[in-house]
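One chain comes next, on its own, written out as structure tokens in the form predicted on its own.
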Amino acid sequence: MRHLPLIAGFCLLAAAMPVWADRIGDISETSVIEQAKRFFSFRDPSVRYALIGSVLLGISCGLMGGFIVVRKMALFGDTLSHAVLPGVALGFLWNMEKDPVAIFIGATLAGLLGGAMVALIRQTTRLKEDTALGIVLASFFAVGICLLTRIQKMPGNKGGLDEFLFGSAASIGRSDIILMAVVTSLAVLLVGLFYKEFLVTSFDAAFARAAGFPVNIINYALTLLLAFSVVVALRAVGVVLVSAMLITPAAAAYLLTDRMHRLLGLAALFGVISGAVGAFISFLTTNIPTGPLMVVAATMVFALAFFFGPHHGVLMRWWRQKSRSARVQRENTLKAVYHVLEAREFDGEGVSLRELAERRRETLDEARAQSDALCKHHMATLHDDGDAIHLTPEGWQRACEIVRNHRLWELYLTNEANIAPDHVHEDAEIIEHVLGEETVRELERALNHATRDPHGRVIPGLADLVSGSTPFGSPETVTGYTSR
């Protein structure tokens, strides 16, 4: 619903001005290779200015976007980017020309006024922050559309005002670059000098207040820097898409690291890459604007982080879950082999697949598949005719560890948590696969190195865990058995 005024504004503005954002350079009939060579020669002023502007935009928006994402202020950034539009119009009306400084001042003041209105609505009414943000976003943007439409009907040169709405990296000039460089340098300097203060207030404002940090002043400073970054990005990507350059690179970085300083660095890097790639592709193609291409490039970076991120990537999480499930299956099979051997007091060296299937309540084919998986990981060997399985020293050691973990945890729950012995099995089935050695040592000390579980079964001891040591000897080599 909050985008309805935006759509209406587009309809009004379409009748008053051209809405196409420009590409970098002219429309050329040369080949893509020739265009690429021309781009990297940097002989065109428009290319140099657009590329430098894109890099500066990426750095400033990346840094500010990092704080927006961790503070959960994405909607605030979107609101601020739309709230600056009336200031753009008023800056133009100041002397009836596109003076970068006048527009910068007007847009910054409008953005700060929008942020103040959000705070005022939230503090003086029962409305929540998201509601206040929606009201300010829609109302300020509507006022900006009305002012721009009115300006189009006034005499004089009004060309290029649509660039602030839709973005036009091709129109970035030397004065714009200077302004962007000043703002970016200011953002980098302040974040570097007051990184600790920004960090603490971003993650725990209550602790920051208790520690004596001027939280309100820090928040106002961050809002001011955010407004600066939004305003200088208008010429490249426009009011409509600037919030994407604030949020998307930082969101991609958020998926790749849990450290704030790395997040800020990656967000700035992704912003620079997105800006440079958008400028490059726009130069190669015809009739495709630079600003949207920057956002598309940022979205592609986010997609790569979303799917292939080492910690939070969808595919990597799926792979880890699949690997963990397969490991648990193997360990349950090892445990079943141990239980079969234990049931016959470790008489004999191997376990038939039929015994294993009955113990696991599986079919013979399923038991054979699990046995093959153990052989593949060098934890077991199969008899030549494939009807019996023998654990290797590594397999026996892991089987003893799993059984030990299970029975120690059952005993701990029974003794320390006063849970009935017949109610601890399912919990132990889960915890046996994740207990680390340090935790096991603590459990053993807490249980006075007990040797039997609540059901009277023997808990494997240290001698059983020594590689190569089994109840039936040292099967480092098993004559007549081959691994497969």
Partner chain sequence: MSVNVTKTVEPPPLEFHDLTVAYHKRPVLWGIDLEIPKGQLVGIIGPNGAGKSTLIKAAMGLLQLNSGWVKVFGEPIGKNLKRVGYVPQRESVDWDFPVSVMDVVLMGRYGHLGLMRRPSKKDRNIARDCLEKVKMLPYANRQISNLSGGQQQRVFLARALAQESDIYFMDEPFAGVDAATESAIVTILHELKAKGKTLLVVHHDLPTAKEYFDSLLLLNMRVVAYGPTEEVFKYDLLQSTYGGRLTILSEVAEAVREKS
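Numbering follows the first chain given and starts at 1. What you see is a predicted model; the values in this text were computed from it and never measured.
This next part talks about the form predicted together with its partner chain, which is not shown.
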Could you tell me if residue 371 has a non-hydrogen atom within 4.5 Å of its partner chain in the predicted bound form?
no
So in the predicted bound form, is its partner chain close enough to residue 366 to count as touching (4.5 Å, heavy atoms)?
no
Given that the partner is absent here, does residue 319 sit within 4.5 Å of its partner chain in the predicted bound form, heavy atoms only?
no
Just checking whether residue 223 would be counted as a contact of its partner chain in the predicted bound form - the rule being heavy atoms within 4.5 angstroms.
no
All three of 256, 305 and 308 touching its partner chain in the predicted bound form at 4.5 Å, heavy atom to heavy atom?
no
So which stretch, 188-196, 351-359, 390-398, 371-379, is the one near its partner chain in the predicted bound form (non-hydrogen atoms, 4.5 Å)?
188-196
Consider the chain as shown here, without its partner, and state which of 327, 174, 72, 344 has a heavy atom within 4.5 Å of its partner chain in the predicted bound form.
72
Which pick from 211, 178, 315, 120 sits with a heavy atom within 4.5 Å of its partner chain in the predicted bound form?
211
Residues in 200-230 with any heavy atom within 4.5 Å of its partner chain in the predicted bound form
200, 202, 203, 204, 206, 207, 209, 210, 211, 212, 213
